[in-house]
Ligand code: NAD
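The chain below stands alone and is given as structure tokens, in the form predicted on its own.
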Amino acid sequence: MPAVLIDGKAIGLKIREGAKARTAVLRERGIVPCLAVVLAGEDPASLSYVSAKERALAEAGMESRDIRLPASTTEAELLALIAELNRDEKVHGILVQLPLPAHIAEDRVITAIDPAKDVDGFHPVSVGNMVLGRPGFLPCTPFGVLTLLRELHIPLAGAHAVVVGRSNIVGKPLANLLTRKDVNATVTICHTGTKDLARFTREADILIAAAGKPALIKPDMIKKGAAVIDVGVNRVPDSTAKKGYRLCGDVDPAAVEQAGYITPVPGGVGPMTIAMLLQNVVQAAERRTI
């Protein structure tokens, strides 16, 4: 029996509607949640992501302050802009779209953002709060994956979760969230240095692929009935596609015959990332009113 396709769009819409309702309450008090979105350069994928985020903000009744900078922008100029946004009381969240031009140090830029406005959840203070289980912003994609699993009532306590990928944006924070006491999964992290990857993935009740390698996970690498979350978004050449490429995940599409649940690409994790961003922005605005 084929896997149940996880509808990230539908679940993401539910989260977005909740953020929209909370925004309406704030607007009645004269407070409009505002996210400053900073994009340096003309990376096509980044332009697409930023546009999607801005549309979602508008639909939720939030303000998007769109700041586009040339690729030649210096690190000092970008840091000065962030300092200005930190001081602006009308701005509740700051998002600097990654990747940045090569001459700008991402770590310095992320660290310059006021943790109270770090709705991406990348600041060292946000990461520390997450690891210690303290209140703070959670990174949007890992938060979205955990929310997907919970919304579908997929058993987490005592489950063996295998995370393939160890990035600071997805792999590491997701492993941390899954080991929290209120989740209680047992987690194995695999990466490029893992020998015999399939030996680990076949043991997973929950398999999360976040390696950035097209079709890395084959059907025979998946435990029958496992929940498979495909975080990968890879562009592969396709002469039959209008844009000359198509999007695919880290999981071979044929895995639908082996898994119990599986997220499609696109339409799975992506919508959840934007939904959790909206939730973080409205949360930032609410905190500023306390």
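One-based numbering along the sequence shown. Just so it is clear, the structure is predicted and the values come from calculations on it, not from any experiment.
Below: the form predicted together with ligand NAD, not depicted.
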Query raised in the report: Just one of Arg87, His191, Arg199, Lys218 has a heavy atom within 4.5 angstroms of ligand NAD in the model of the complex, so which one?
Result: His191
Requested in this report: Would you kindly say which of Ser167, Thr147, Asn129, Gln97 lies with a heavy atom within 4.5 Å of ligand NAD in the model of the complex?
Outcome: Ser167
Query raised in the report: Taking 4.5 angstroms as the cut-off for heavy atoms, does Thr273 touch ligand NAD in the model of the complex?
Result: yes
Query raised in the report: If you check in the model of the complex, is Ala210 within 4.5 Å of ligand NAD, heavy atoms only?
Result: yes
Query raised in the report: So in the model of the complex, does any heavy atom of Val281 sit within 4.5 Å of ligand NAD?
Result: no
**Report entry** Interface membership of Leu277, ligand NAD in the model of the complex, 4.5 Å heavy atom rule
**Finding:** no
Report summary line: Per contact check vs ligand NAD in the model of the complex (non-hydrogen atom within 4.5 angstroms), the hit among 60 to 68, 238 to 246, 224 to 232, 36 to 44 is 224 to 232
